[in-house]
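Only one chain is included here, represented as structure tokens and corresponding to the form predicted alone.
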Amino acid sequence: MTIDRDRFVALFERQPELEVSAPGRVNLIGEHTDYNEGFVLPTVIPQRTHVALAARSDRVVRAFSAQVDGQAPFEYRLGAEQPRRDWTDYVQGVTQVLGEERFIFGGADLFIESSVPVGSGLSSSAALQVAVLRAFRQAYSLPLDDVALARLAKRAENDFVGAPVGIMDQMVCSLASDRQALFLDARTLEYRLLTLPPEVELAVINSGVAHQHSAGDYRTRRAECERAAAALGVPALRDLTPADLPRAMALPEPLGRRVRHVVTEDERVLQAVAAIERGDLAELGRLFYASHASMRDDYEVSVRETDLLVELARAEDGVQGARLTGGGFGGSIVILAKPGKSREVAARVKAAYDRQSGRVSTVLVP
């Protein structure tokens, strides 16, 4: 996908000066661990968000999304950003944090086009923010490295959009390339890029149940983790080990189960990195299933539809593992398929799911 330059000209009466993009992501393992300062292991997907930009000589930003039908470009002045509770908040949040950090930049005409589906658990918001930041960085020669860019994108989503997300999505969208996984310590932001072996073959299926991280359930889980950490006397759940689980399970319900998920999920990330490095895909698949069970039972972020997708995938001979990916409450699953099997497995799982659930799923990868 590239930007429709003719539409850009029709909207803004001039040519774009640059075009950038950022990928969506699928999290291999390590769910709800980033805001607990733990470990994550995401990778990027082929779907991307593209942004074309033409700089302006004034302080006005005009932004248009090709994914929103029947609208004129949204217009605002830099320094006068106001939340609207829609896609424009992600753009406004970016310019607000750039202004707060005293970067020198001006207005812009922006055309946004994306193949990353919204509400699918594949980080459409981070892809949008990283792409917009890349566009401003290039247009105005802003001194931002990729990690600093990810930090600003997270701050925009936390402070302006109001979604209490961690930094995993922004980091992988900013740093990783195709066939790379990002092993990230969310506390220190130390990271390592792992090249996925050719035997790692993924399928991603969107359940058709949309989620929204700025909504209440995600906030509730984060607040529960903070309460549990305070009750256990640690700065974050990252500081606990499996030896701490007996006292964690003595906390009032459901805090103990929330702790158990985070502690065991951190362990699973470390085990998954080791499994990838030694090419043990059977072990990686086992970790996928264990992660999904933990999110379903202890963290309670799965829903009937994503559970059904995982069950259907598990019944396939060509599947080594499957799990909910993303924040949950809908969204997508990721399947670890046996080599050469991802396409046919995804097609069969989709067909069975659509028939049994009454919903329409979408195969996003391959």
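Note that residue numbering begins at 1 and tracks the sequence as displayed. Note that this is a predicted model, so its numbers are computed, not measured.
The form predicted together with a small molecule exists for this protein as well; it is not shown, and the discussion that follows is about that form.
- Although the partner is absent here, A80 is not a contact residue: none of its heavy atoms lies within 4.5 angstroms of the small molecule in the predicted complex.
- Within this chain, T43 is remote from the site of the small molecule in the predicted complex, having no heavy atom within 4.5 Å.
- Of the heavy atoms in P254, none are within 4.5 Å of the small molecule in the predicted complex.
- At a distance threshold of 4.5 angstroms between non-hydrogen atoms, V118 is in contact with the small molecule in the predicted complex.
- Between the options Y289, F105, W87, Y76, the residue in contact with the small molecule in the predicted complex by a heavy atom within 4.5 angstroms is W87.
- Among A135, L184, L128, A153, the residue placing a heavy atom within 4.5 Å of the small molecule in the predicted complex is L128.
- Contact with the small molecule in the predicted complex, judged as any non-hydrogen atom within 4.5 angstroms, is confined among 173-181, 216-224, 87-95, 145-153 to 87-95.
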